[in-house]
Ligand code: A2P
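Let's start with one chain on its own, the form predicted alone, as structure tokens.
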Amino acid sequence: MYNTALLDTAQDTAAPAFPIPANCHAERVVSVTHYTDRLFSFRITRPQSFRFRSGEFVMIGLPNAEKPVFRAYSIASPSWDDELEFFSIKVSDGPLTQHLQKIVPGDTVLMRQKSTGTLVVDALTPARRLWMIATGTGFAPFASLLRDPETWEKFDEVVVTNTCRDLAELAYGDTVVGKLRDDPLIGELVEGRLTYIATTTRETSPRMGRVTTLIESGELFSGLGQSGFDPENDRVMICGSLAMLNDVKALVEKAGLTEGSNAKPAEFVVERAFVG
């Protein structure tokens, strides 16, 4: 199981160790949840002036150096949320995550003032079904989009895939999806319109296999009344490792879908900000 560190209202906000860089928000950590020794999520306060579209990412860092390290993080909370949520990997020698994984409620997290990204519904042309294909922490932007009413207003059906090595690594996605039907804002919209496909690649689970294998074999589409991606009815969002991005991109292009962008919406989009 995972453990959660909740905000202690009596605790003072930790003072930053270094001056706050220009064009940055300094926000307080509200809660931290550790799922495994590799994955955790955290929530921070949201600046009143900060606006973003569900599915976008922002640069975050810590006030632990004169020139702090910043990395791109998808915002996992929807655009209407009063707080900002992030889902992160832990890397023992990572320039940022070796420190970020140790944050506790009351600490300060830095955030650049502007968000951006391609995993937004505006970058897709209208269609009946939306596919969200994720591996690992690539689930984060979909956690945002799944909780946004606009997603359900623009698509009749949503299929979200979540592929990790072990069952414990699926916990974050399982939790987000499990709470959707009870969400007072979108619960009624989700009913009967969501398909969640969680798979593992190492630990034995009800459904196993890499998402690329499941696409190529047709197993991913079993139960949906189709044999593959349909350019007319399907739109696809992809987020995960570089290898997965390239492989799934090739498969959806083979199916006849065209890559879109904010400037030119089309049938599928890929987020490349977290690789390379």
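All residue numbers are counted from 1 along the displayed sequence. It should be emphasised that the depicted structure is a prediction, and the values quoted were computed from it without experimental measurement.
One more form of this protein should be noted, the form predicted in complex with the ligand, which is absent from this view; the next part is about it.
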| item | value |
| --- | --- |
| Close approach of D247 to the ligand in the predicted complex, 4.5 Å, heavy atom | yes |
| L224 within 4.5 Å of the ligand in the predicted complex, heavy atoms | no |
| Touches the ligand in the predicted complex: A243 (any heavy atom, 4.5 Å) | yes |
| is_contact(R210, the ligand) in the predicted complex, heavy atom dist at most 4.5 Å | yes |
| Option touching the ligand, based on a heavy atom within 4.5 Å in the predicted complex, out of K179, R202, K114, K102 | R202 |
| Heavy atom within 4.5 Å of the ligand in the predicted complex - residue from M132, L146, C164, V120 | C164 |
| Among 29-37, 210-218, 227-235, 44-52, the region lying within 4.5 Å of the ligand in the predicted complex by heavy atom distance | 210-218 |
| Residues from 256-273 in contact with the ligand (non-hydrogen atom within 4.5 Å) in the predicted complex | none |
